[in-house]
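Only one chain is given next, in structure tokens, and it is the form predicted alone.
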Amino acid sequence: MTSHVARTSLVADVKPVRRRGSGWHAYLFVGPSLFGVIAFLLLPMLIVLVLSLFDWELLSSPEFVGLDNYRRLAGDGQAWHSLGVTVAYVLLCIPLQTVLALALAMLLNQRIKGVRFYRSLFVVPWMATPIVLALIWSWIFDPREGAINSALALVGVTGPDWLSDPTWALPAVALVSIWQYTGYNMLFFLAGLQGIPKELHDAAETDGASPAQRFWRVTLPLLNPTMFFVSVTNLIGAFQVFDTVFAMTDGGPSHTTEVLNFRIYQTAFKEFDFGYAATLSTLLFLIIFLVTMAQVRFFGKRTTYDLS
């Protein structure tokens, strides 16, 4: 009873501090970011959603067609093929890119001579322009003078025509993206590893845990916040791939690298069918949104930010 009275008294003594004008200060700080979100994210999304209900060829006036574009999408085999190519590209990129980035981060988290140089070296591809990288890799994949086939020839292997072979074109494009973004993701894993208290590993080692057990039961669970961020940003980026495909294969051969974002570009700027391109964009947005929500749900129950 005494405790209850004391707690009640304490709560009664604590009064919210109100400062005149503090709300306006908050809006001033949030304002620029809020403007950016509204002007460059929400408003374009709303415009695309509205445009998907129209038939518009740019030079003519938009004509309202209701859900006709969505009915057309249901029977558009080329659009679903592009979606399948996009999913295949995502499945090729994300797992390998994540595993390589984590392995590199663990390696470069050790005390190695010149470790800062190596860390910087792996980030260089991310800083380069995707179009420039795509052109350089197009030369590397060249079937006659490219570095890869020349190296294979030294051991008696005849390499394929990477970017013109329907079997190898998509893996070749995926390889460029993996190479470009692995170092960037490594930075996040490195920050996550350095945020794990050393005492936890020492305690596990004292209890007799092997290096593999310490990785699976200490390191990996505590990296869940980093894993969550990396997987969400990588997946969104992979679904929106365009520049590498545009520069290396132009969607070919035989549409085997025609990802959905490239299909949207073709529909809008080569076929001038902006209403239907908006419908495809809406489909891509919905897919990214649903997959991201699934990731949030998956990692939400497994993520803790308190290591104390």
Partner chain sequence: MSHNPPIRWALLGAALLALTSCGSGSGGGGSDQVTLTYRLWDDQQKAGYEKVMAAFEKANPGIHVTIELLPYDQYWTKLTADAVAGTAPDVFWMTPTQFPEYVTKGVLSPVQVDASKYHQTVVGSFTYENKLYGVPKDWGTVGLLYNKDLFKQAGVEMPDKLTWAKDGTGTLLDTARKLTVDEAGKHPGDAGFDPAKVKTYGFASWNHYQTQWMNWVSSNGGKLVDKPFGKYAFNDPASVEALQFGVDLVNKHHVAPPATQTNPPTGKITDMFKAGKIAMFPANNALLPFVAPEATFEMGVAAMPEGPQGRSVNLNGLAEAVYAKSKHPKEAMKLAEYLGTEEPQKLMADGGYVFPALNGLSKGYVDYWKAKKIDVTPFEQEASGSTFPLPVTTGFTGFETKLNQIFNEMYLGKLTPKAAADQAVAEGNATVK
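Residue numbers count along the first chain shown, from 1. Every value quoted in this text rests on a predicted model; they were computed, and no experiment measured them.
One more form of this protein exists, namely the form predicted in complex with the partner chain; it is left out here, but the text below deals with it.
In the model of the complex, the partner chain stays beyond 4.5 Å of every heavy atom belonging to residue 82. Using a 4.5 angstroms threshold between heavy atoms, residue 249 counts as touching the partner chain in the model of the complex. At a distance threshold of 4.5 angstroms between non-hydrogen atoms, residue 215 is out of contact with the partner chain in the model of the complex. The closest non-hydrogen atom of residue 207 lies beyond 4.5 Å of the partner chain in the model of the complex.
Interface residues of 139 to 160, taken as those with a heavy atom within 4.5 Å of the partner chain in the model of the complex (partner not displayed): 139, 142, 143, 144, 145, in sequence order.
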